[in-house]
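Only one chain is given next, in C-alpha cells, and it is the form predicted alone.
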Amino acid sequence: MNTTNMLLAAPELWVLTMACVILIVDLFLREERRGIIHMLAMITLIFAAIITLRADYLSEGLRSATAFNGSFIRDPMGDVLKLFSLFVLGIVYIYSKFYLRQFRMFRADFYTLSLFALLGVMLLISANNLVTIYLGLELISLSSYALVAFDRESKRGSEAAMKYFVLGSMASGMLLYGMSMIYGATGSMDLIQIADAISTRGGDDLLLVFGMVFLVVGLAFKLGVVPFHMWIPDVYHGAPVAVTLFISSVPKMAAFAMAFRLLHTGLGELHADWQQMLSLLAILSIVLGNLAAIAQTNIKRMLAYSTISHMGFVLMGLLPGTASGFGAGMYYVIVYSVMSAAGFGMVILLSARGVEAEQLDDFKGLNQRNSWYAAIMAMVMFSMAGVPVFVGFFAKWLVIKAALDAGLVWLAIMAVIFSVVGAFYYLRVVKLMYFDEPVTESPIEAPVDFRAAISLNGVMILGLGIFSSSLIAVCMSSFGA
C-alpha cells in the first residue's frame, strides 16, 4: 500500500467507501427521508467520474500505469468504460427511483447492491491478473443475484434469482477451473507474464488449450451468448424492471473489458484458436437471438433475446484481434448500454398502479397518448434495428467491418441478413405505437428528472448517430488505433 497505488485505484476506493456509508446512513433514516439515499448515490457517481477524469498517469506521458504489483491497471480503455458505466448507472438510478417508489420497493438495498456491483464492474475493467478478474466478476455476480430477488413478494423473481444463481455458479466454477489450468501451464496469474510464457513456450500445451476453452465458456456465460444464454430470458422477465434495466446495461461493459483483458492481453498468442470459438458463438447468438425474439409477446423477453443477438455483434469486434476491432467492439457495447437503458426506461414510464407494462400490447397507440415518448421509443427501436442515421447503425457497421478485416466474409454476410430479420420485431413495436388504437387513455405521468433523463437518452441515440465520429475516435484511440 503506497500513495501511487491508492491514487490509481481512487475511483474504486471512493465507490467502496460511499457504498458502505449509504449502508450505514440508511439505518438512521425514516421511510419518508429515503430520498437522501438516492442523492448520496448520485453524488457517489458524480465524484467517481471526476476522480476518474483526473488520470495523472496520462499527464506523465504514460499510456498506462499499474498498481498493487501489476494486478490493477489504469489505461484509456478502462477510463472510458468506467466513465460510461457511471453515466449509464446515473440514468438507471433516475429511472429506478420512479419505479421503486411506484411499486413500494424504495429501499437502500437497491443502491448499495448496485454500487457494490459497480465496484465489481470497475475492478473487472481494470483487472490485470486472474485473481483480480475473478474478484471483480464475483462482486458483480453476487450483487446481481440479490438484485434479481429484490421484490421479496414475487415468486417469479425468486425463481429467476435461483436459476441465475445456479447457472452463474456453474459458469464461475468453469472460469475458475480454466484459470487454474492456465496457471498450471504458465506458472503465473499475471496476464502479462502469462502472455510472455505462452510466447516463450508456444501454445501447443494441451493444458493451456483446455484452460482457454474453459475461460471462453465462462466469458460466454457472462456475456449471455448462445449456447450459454439460457439464463437471460428468465432473469430479464422475472426481475423487477429496475433491476433488468441495470443488468442489461452496466455489466455488459465490464464483460467486454474482461474479454479484452483475457483474450488479447493474456492469450493473444492463441488468437487463431479463440477466434474460431468466438466466431461460432457470435453467429449462433445472432441467429438464435433474432429468431427467438420474433416469437415474443412480452417486451422484456423480446429485449432479452435482442441482447443475445447484440452480444453476438460485440464478439465480432473481438475477432480480428486488432486495435480497430477492439475499438469497434467497445463502441458497440457502449452504444448498446445507452440503447438498452432507454428501452427499459420506456417500460418503466408506461408502468402504472403497480402493474408493469411488459406486454407489447401496452405500447399500442402510444403516439396518441404522448407523441414525444412514442418518438423516443421509435428512435430506440430504429437504432437497435440498425437503421441509418441512428447510432446503432454505425455500431453494426463497424463490427461487420471488423469481421471482414478478420477474413470472415461469411460471418459478415450472415450478420447483415439477420440484422434485416431482426428489424421485423423492432418495427413491430413502432407499428403498435403509431397504427394501433391505445388500450387506455390514461395520461403518462413522471417526475421532472425522469422526463429529462428519458429525453436526453433518446436524443443521445440520434445525436451520437449524427455526430458519431467523436465517440468512435475516442474508442479507437483508447486502443491506439
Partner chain sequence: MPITEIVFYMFSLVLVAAAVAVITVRNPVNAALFLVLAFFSSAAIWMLLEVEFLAIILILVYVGAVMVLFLFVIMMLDINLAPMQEGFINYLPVGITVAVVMALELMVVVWSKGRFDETAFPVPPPHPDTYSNTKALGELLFTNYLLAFELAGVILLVAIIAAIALTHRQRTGSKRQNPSMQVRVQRDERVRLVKMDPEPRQGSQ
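Residue numbers count along the first chain shown, from 1. Only a predicted model underlies this, so the values are computations on that prediction, with no experimental measurement involved.
Quick note: we don't show the form predicted together with its partner chain, though the next part is all about it.
Looking at T265, you'd find every heavy atom of it more than 4.5 angstroms from its partner chain in the predicted complex. Taking the partner from the other structure, its partner chain in the predicted complex has no heavy atom within 4.5 Å of any heavy atom of I466. By the criterion of a heavy atom within 4.5 Å, R369 is excluded from the residues contacting its partner chain in the predicted complex. Its partner chain is not shown here, and in the predicted complex it never comes within 4.5 Å of any heavy atom of V355. Among F106, F87, F210, F393, the residue placing a heavy atom within 4.5 Å of its partner chain in the predicted complex is F210. Checked against its partner chain in the predicted complex, the candidates L139, I283, M377, I348 yield a single residue with a heavy atom inside 4.5 Å, and that residue is L139. Three-residue candidate spot F116, M181 and F214; every residue lies within 4.5 angstroms of its partner chain in the predicted complex by at least one non-hydrogen atom. Only one of 219 to 227, 333 to 341, 131 to 139, 359 to 367 places residue heavy atoms within 4.5 angstroms of its partner chain in the predicted complex, namely 131 to 139.
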